[in-house]
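Before any questions on binding or motion, here is one chain by itself as structure tokens, the form predicted on its own.
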């Protein structure tokens, strides 16, 4: 009877531990484990974002399990499922595209592991699948780019657009905000638009195609600095002066973009701050502790002209 009681008690203990283990909050030594699924390393912005997250995790004493999806959604989904199997305390990721996440996030929810979206949002009717979103207002970034063009347009203005990754939130939203603002000026027309996949090589390749197809381009609107820098290479190779013969508007404000702006090769940059690491770790600690957090945390950002870039560059952190 004593032996039976002991075994039964042990089984109850194991069962209770197993049922309560998913997203339990911390390891035995109090360390939080975060699984982070990054988009990739497609741009200077993304590199700065990754460095910020790694450093912030180290500073906060959070055990960071990191994966690089190489801009493929299937890789991110695989990584998230791996984090669920590892029974991490919290999952954070920057979605490659907006749609197709409900199934894997439901798996995380059922495992009682909270999820934080960073940089990019998702398109889902079920907002209970994640705790909060931390990042930029991409539509507002597009509006800022469009507003500068409206204020600085010189008569009829033909624009070519270098879009980000098809289906990605920043690509969709930056286009929406830009078009919303320029719609009020009938002299501004987008004559061509194509994805450059947020890469410098993609921006150069698409810009080369635009220059072969159109001899009346006045402005390039690039959804990030890297594609804008690729466009600069293509414009220069075509025997024209970037920033003068063709004006360039970009989004991000990473160091290379800011240097091009200071040199007059880019005309205007809308900032998108990649240094989200510290805020992400603070949110992670709160959600693991069961505290309430805002549904959306938007980062404050600004814009830069050539003169402002020259003044800001000496103190830029990315």
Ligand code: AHR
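Just so you know, these numbers come straight off a predicted model, no measurement behind them. Numbering follows the first chain given and starts at 1.
The same protein has a further form, the form predicted in complex with the ligand, not shown here; the description that follows concerns it.
Subject >> Distance check, residue 267 to the ligand in the predicted complex, heavy atom within 4.5 Å >> reply: No, residue 267 is distant from the partner.
**OP:** Give a yes/no on whether residue 42 approaches the ligand to within 4.5 Å in the predicted complex, heavy atoms considered.
**Re:** So residue 42 counts as contacting the ligand.
**OP:** Report whether the minimum heavy atom distance between residue 230 and the ligand in the predicted complex is within 4.5 Å.
**Re:** The answer is no: residue 230 has no heavy atom within 4.5 Å of the ligand.
Original post:
So, in the predicted complex, is residue 144 in contact with the ligand at a 4.5 angstroms heavy atom limit?
Top reply: Residue 144 lies outside the contact set for the ligand.
Original post:
Using a 4.5 Å heavy atom cut-off, which stretch among 107-115, 168-176, 200-208, 234-242 contacts the ligand in the predicted complex?
Top reply: Correct option: 168-176.
Original post:
Just one of 83, 130, 138, 101 has a heavy atom within 4.5 angstroms of the ligand in the predicted complex, so which one?
Top reply: Of 83, 130, 138, 101, the residue with a heavy atom within 4.5 Å of the ligand in the predicted complex is 138.
**OP:** Between 222-253 and the ligand in the predicted complex, list the residues on our side with a heavy atom within 4.5 Å.
**Re:** Residues within 4.5 Å: 223, 224, 252.
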